[in-house]
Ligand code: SPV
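For reference, the chain that follows is the form predicted alone, supplied as structure tokens.
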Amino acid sequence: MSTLTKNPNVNKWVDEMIALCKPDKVVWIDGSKAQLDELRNEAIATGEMIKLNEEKLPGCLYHRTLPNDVARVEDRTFICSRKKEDAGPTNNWCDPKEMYAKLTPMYDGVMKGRTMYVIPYSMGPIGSPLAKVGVEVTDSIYVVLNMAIMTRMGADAFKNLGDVSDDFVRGLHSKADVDPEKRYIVQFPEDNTIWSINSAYGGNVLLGKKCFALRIASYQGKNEGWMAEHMLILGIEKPNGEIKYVTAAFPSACGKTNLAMLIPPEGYTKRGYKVWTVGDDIAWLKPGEDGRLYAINPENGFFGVAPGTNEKSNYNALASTRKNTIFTNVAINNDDMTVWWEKLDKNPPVNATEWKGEKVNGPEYVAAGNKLAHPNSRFTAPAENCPCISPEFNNPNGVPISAIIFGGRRAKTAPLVYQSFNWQHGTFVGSIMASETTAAATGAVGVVRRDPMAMLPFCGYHMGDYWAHWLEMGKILGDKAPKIFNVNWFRTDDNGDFIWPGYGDNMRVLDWIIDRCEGTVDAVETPIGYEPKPEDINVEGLDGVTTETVADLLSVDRELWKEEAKGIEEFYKKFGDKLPKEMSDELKALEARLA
């Protein structure tokens, strides 16, 4: 029985989990500094965590996972809805009864000889009407210490739940034997339940993250009239102090975190523009009392990919990792107990420990074609460390959203930016989001991968029903709905080089988007949507990019788009009679405009 809550639903469920897993000891996490310090010291003493340089990286810890356990495992991730059709064609499905029957024996006695930690946490600010409560039980100190950064964790989390509510997400995790053959990450949407076993890697075990904040929450949002989206949230402050907020969804490797923490180009900074980060990965959106759409970031930290993060690519993300951060699977510089990863700088440490734990000569090791840090190595950093964290970060009501931006990585098809004709057309634009595979992914280069709203791996129910929910939200919001845009920073010239400079200069496109939301700039109608007049994208101070370059970046190749339409039709077939009629209507309308 917990002293942290009187809620009988929580206590009953935790008792059931204790009876199933049979831990030697149970520790309820109250979130206090004293308790967390004790856990950190214990993890350092057992070698599960390594303490880093206290002067250069105060409060920072290092952890490595097993080589078989370094990323999310989509083929072992299931949506166990009672009806198969509710999971849809893009999710792995199993009958919940069957899955419970398969997994229960695996958890039986799995924590013998171990401690069970009971973690109460809030997704979203404590007291926010948009926040939700979860309780995760785990046998991993690593999970506790990461959840302390990623969520509002501890006794306060129960404030939102109160003493009687049953509306909390039940998360059961055990690292068990970290056996990849018996690894399962399972969502039971109708039971508000997540079970994860045989992994110790963040994305599979920090159950507040993708499992709750997207897979379970998207299902909750559909039933409760709100949206859980794989989106960053960004505030753009104009010289007059007015701030407009946007959300944006991009598939992985399309610069999402970089956009979330954008530093405006010099010309903009001098004029007094600022950018504020509210979130880098997940947005929960709900209509407010004034009928507009408001967003909170349900998370409290950043779980970022380390390789490629440096002073130039993302100054603010790097700055976020300077204290109280957990680094996973990066390299260690043994001379001063700091961390290193590919593209941090050009100087791999000579006296290095690579991510699997082997001591190596860094420059020689890298020269031989090896990676010192795992390509999916991570930092878990508190949001409050971020130099551009928004003053509204903890606002319980969230921030009002003016624009929703979709994007992907397309070499030729998609223009730099276009605006949808309306919300329904914008839903269509989100549903056809795609990226071309790069050399980083295995397989052929340039293959189009559809990832609607960047939610393909994270939607907790049938994608057709998800689009229907988007359309429904549009009706609820009416003329107060955010405007919807699509961007593409990745157009290439005939040599395969990017034409648009990207990074901070993406501010120039955001500037036009905000002007459109305010109705202060015109647009040109094209078959795919409204585009800027080339002269309305500010290119002042840009090397080698002229208004003519912008005109080229905005060109719409009808033949390429006719091919695109065929690809969309093929993709839509997957969803059968669950595809909303509005989506096929939009496709037909696009084909007619192209003809």
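The first residue of the sequence shown is number 1, and the count goes up from there. Just so you know, these numbers come straight off a predicted model, no measurement behind them.
What comes next is about the form predicted in complex with ligand SPV, which is not displayed.
A.B. asks: Run the contact test on 210, 281 and 303 with a 4.5 Å heavy atom cut-off to ligand SPV in the predicted complex and return yes or no.
C.D. replies: Affirmative, all three are within 4.5 Å.
A.B. asks: Looking at 72, 371, 274, 322 here, can you tell me which has any non-hydrogen atom within 4.5 angstroms of ligand SPV in the predicted complex?
C.D. replies: None of the others qualify; the residue that does is 72.
A.B. asks: Within 4.5 Å of ligand SPV in the predicted complex, heavy atoms considered, which of 418, 466, 423, 201?
C.D. replies: Here the answer is residue option 201.
A.B. asks: Is there any non-hydrogen atom of residue 410 lying within 4.5 Å of ligand SPV in the predicted complex?
C.D. replies: Taking the distances in the predicted complex, the answer for residue 410 is no, it never comes within 4.5 Å of ligand SPV.
A.B. asks: If you check in the predicted complex, is residue 152 within 4.5 Å of ligand SPV, heavy atoms only?
C.D. replies: Flag for residue 152 set to no.
A.B. asks: Verify the contact flag for residue 458: yes if a non-hydrogen atom of it lies within 4.5 Å of a non-hydrogen atom of ligand SPV in the predicted complex, no if not.
C.D. replies: Yes, contact at 4.5 Å.
A.B. asks: With the cut-off set at 4.5 Å between non-hydrogen atoms, does residue 115 touch ligand SPV in the predicted complex?
C.D. replies: Close contact is absent here: in the predicted complex, residue 115 is far from ligand SPV, nothing within 4.5 Å, heavy atoms only.
A.B. asks: Choose one stretch from 429-437, 357-365, 166-174, 202-210: the one whose residues place a heavy atom within 4.5 angstroms of ligand SPV in the predicted complex.
C.D. replies: Residues of 202-210 come within 4.5 Å of the partner.
A.B. asks: For a quick check, can you give me the residues of 549-570 that have a heavy atom within 4.5 Å of ligand SPV in the predicted complex?
C.D. replies: The stretch does not touch the partner at all.
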